[in-house]
Each structure stands twice: as C-alpha cells, then as structure tokens.
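Same protein, same chain, two forms; see structure 1 and structure 2 below, as structure tokens.
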Structure 1
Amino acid sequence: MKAQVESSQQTLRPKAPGKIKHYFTVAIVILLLWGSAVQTEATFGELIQGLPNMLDLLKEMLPPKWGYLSKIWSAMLETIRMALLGTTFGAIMAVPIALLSASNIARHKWIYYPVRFILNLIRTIPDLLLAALFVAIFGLGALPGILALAFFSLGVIAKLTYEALETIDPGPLEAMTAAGAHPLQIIKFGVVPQIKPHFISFLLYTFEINVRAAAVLGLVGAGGIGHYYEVTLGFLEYDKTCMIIIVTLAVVLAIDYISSKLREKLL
C-alpha cells in the first residue's frame, strides 16, 4: 500500500525541467566575460595596483574648494539653460514625428514604419557623440550642445509619446470621424486632450536626463560646466574638481526632486 502511494506520488509530481539549457547559458556568459576581460586587458592586479592612486586622488579632492563656486556658477546656469532649450526644441520637433509614427493616427504602414525607422536611428547615437559632431560643424559653444540635446530629446520624447498615443481611447476619434471632422480637428479635440498630461510628463523626464547629459557636454567643447572638469583635472586641481562635482550633484538632485513632484501631480 505504502509503495503504491509513493509510486503514484512520483508519477503525479511533474518532471523537473531540463537543466542543460541553463548550463549552456552559464557557459556562454562565462565565455563572454572571459573574452571581454582578455579584450580590455582587465585584471584584478591592475585594480589593486591602482587603488592607492585612487585613494591619493580622493585625499587631494578633500576638502573641496568652496571659493570656486562663484566662478563656476555661471557655467552651471548655462548648463541648465542648455538642457531647458534642448528639451524644448526636441519636444516641439517630437510632436509631428510622434503623430506620424503612431499607427492609430498615421494609419498607413508606408508612413509610420519609415518614420519609426528614422526615430530608431536617431536614438542609437549617444548624446555626447552628437555633441562632438555638432561641435565639428558649428564650432565651440552652447549652440552645438543645445542642438545635440534637442536631437537626443526628440528621439526619447517621440518614442514615449507615440507609444502612449497608440493606447489612447479610440472612441472620441471615431465619434469625430463620424461627425465629419477634419484630421487636424480630430487631433486638436480628440488626441491632444488625451495625450497632454503624458506628453508633459515625458518632457519633464527628458529634462531630468538632459541636465545630467548637459553637465558633461562641455568635455567635447559644447558649453556648460563640463568644460571645467577638463580644465581643473588638467591642472591637477582636484579640490576644484570636487567642488564642481558637488555643485552638479546638488543641481541634478534639486531638479530631479522638483520634476518628479510635478510629474506626480500630472498623472
């Protein structure tokens, strides 16, 4: 009797899934890591050797040079300006592109697939790379920074917006189509009211990202606070670098806080 129960339990219990696939995955991951370590010549020995250097660096960074604040403040403000304008221009450009790439508004495959493809291409290029390109075209200054951020924001905002657009309620749109509204009227009265809070939320979110990005654009000559990283590190003035880092952190945290509060109210 007991043996019978045991055997029936054994047949009832589902078979454990095969583990070969897991072993295979682990093996691939280890192979990838090993190959990467060889390629980058990364070793723990080097890290341990470098650690004292890092500690020296930290010692030189402290205490931060507070007096430097007055000198970098205007550059910090320029960074915020760049982020603000870049986000704004990007958002304005994103509106038509998002409308064209949403399948429920553009309606034709021949419109939304090519637009989405271009959008994907824009998103693959990192912002600092864009900035380096624009600096080569327009010369040093805040303008290439703003343009780089605008392009970058366009990619982010347009993608988030068209995904939100595809989930809007089709009811009002159908009602307006039935009443014979013009496509522009449909967008104005049927689409815009539904998407507006989302759009503003995406805009604020992109602004947060852009403030961070703008803080380093100066490294390639695109204006803002980033330029001072190079200057102070080049002259080995680490206490000043530390001050820049602190100011950047403070501004980024403050903007993140304000923006996330605003976003909470929107949605």
Structure 2
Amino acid sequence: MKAQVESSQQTLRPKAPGKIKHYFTVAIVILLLWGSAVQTEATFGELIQGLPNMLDLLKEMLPPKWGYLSKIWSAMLETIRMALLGTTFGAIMAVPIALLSASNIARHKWIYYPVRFILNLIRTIPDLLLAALFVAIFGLGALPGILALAFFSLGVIAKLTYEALETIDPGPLEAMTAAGAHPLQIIKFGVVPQIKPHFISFLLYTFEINVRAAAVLGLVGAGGIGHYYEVTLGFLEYDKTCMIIIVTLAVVLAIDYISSKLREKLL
C-alpha cells in the first residue's frame, strides 16, 4: 500500500524543467558576443597591447595638480547650476507630456501614441549632440548646455512618469468621475497625490545623471567643467585632468548620496 502511495506521488510530481533552454540561451549570448567582437574588430590582443600605454598615462596623471582646484571650482559650480536648471525646466515640461502619454489618463490612442512618438524621438538624440546643435544656434556658453539637459530630462522624466501613471490605483479616479468631477479636479486630487513621490524620485535621479552629463558638454562648447577637460587633454596636461576627474567624482558621489537618501524617504 505504502509503495503504491509513493508511486502515485512520484507520478503526480511535476518534472524538473529541462536545461536545454538555458544551454540554448547561453549559446546565443556567446554567439552574439563573438559576432559583435568580430564586427567591431575588438580583440583581447589589442587590449593587452594597449596596457603599457595605459600605465604610462596613469604615471603622467599622478600625482594630480592640487593647485588647479582653485581655477576649476567656479566651472564645477557652473556645471552643477546647468544641471539644476536643465533638470528643473525638463521636469516642468514633462508634467503635461506624461499626462498625455498615459493611456489611463488620456484614454484615446490618437492622443497618447503621437505624444509617445515625440518622446521617443527626443530620447533618440544624445545629450552631447543636442548640446552641439544648440551651440550652433545660440553660440558658446552655458545656455546651450542648459537647453540640452532640459530636453534630455524631459525625455527621461516623462517616460518614467507616464509608466508610473499607468500603474496607479484607478479606484479614486473612477469614484471622482462617477461623482461628476472635472478632469482637472481628477488630476489634482486623484492623480497627483499618487504620483507625486515617484515624480520627485525621477527628478532627483535625472539630476544625478545630468551632473555627469553636464561635465562633458563643455567638450562641444556648452560651458561648465567640460571646457577644462578639453583644454587640459589638448595640451597633454594629464595631472590637471586628473584633478578635474577627482573633483567631478567627489561632486557626483556627494549628489548621489544625498539623492539616494531623499528617494529612500519618498518611496
């Protein structure tokens, strides 16, 4: 009897999943990596040959020129201001765009599909290329960098926000609609309270990214610390470049720490 019960349990027990799928996935990944390496002509031999040059560069970068800090500090502050302004303007523009992109808010395909297409178009253009375009239009300075970061922020924040909007609780919205609330009242009292913490979190995250991005926009003439990267690298003054990297790293780490703590409290 006992043997029959054990035999019955073994029959009912589901079979372990096969490993063929995993082997097939690993084979495809290896094939893609190999194909990419061949097409880009990237080889380990080339990497090994470049290691001595890398060590020579590190020797020229160390020790960093600490006295250069007083000269680049104002440019670093300008970079942070560019990121702050660009993120703020982008976040403001992202609010209506996100509302029009969310299918549970706009409700009509002919509204949210074209808006999403524009968002995809904005995200397709790299921030460095945007900065170069705005430099060609407005000339050298911080303004092209701010505009580039604003459009970059618009694409990121609007995308993340409308995806979060589509996951909010529909109950309050349906109740307010049944009570005859105006669409603006639904957004103000039903949507905003649910999406507000997420939106601020996305804004802080984008600000972190923008500080890093703003550090290199000066390479195309958009102001900030990137201009000093271009100058020191052009004159092969690697000890000064090392000082700029250290300052940029310290600022990014500080902003990343503060932003992470704020986002932990919001979510």
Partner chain sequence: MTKSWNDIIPKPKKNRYRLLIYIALILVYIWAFAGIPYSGIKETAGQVSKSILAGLFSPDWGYVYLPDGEDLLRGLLDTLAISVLGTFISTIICIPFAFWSAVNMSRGKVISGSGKIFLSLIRTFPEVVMAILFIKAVGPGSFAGVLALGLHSVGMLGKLFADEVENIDNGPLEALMAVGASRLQILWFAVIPQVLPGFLSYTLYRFELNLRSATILGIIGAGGIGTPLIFALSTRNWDRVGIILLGIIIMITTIDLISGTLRKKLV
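Being a predicted model, the structure only gives us computed values, none of them experimental. So that the term is clear: the rigid core is the largest set of C-alpha atoms that superpose within 1.5 Å between two forms. Here, a residue number simply tells you its place in the sequence of structure 1, counted from 1.
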item: Assignment: the form predicted on its own; value: 2
item: Motion between the two structures between rigid parts - which of 170, 29, 61, 110 is the hinge; value: 61
item: Whole-degree angle by which the smaller rigid part turns once the larger is superposed between the two structures; value: 12
item: Core-aligned Cα shift of residue 50 between the two structures, given in Å; value: 3.8
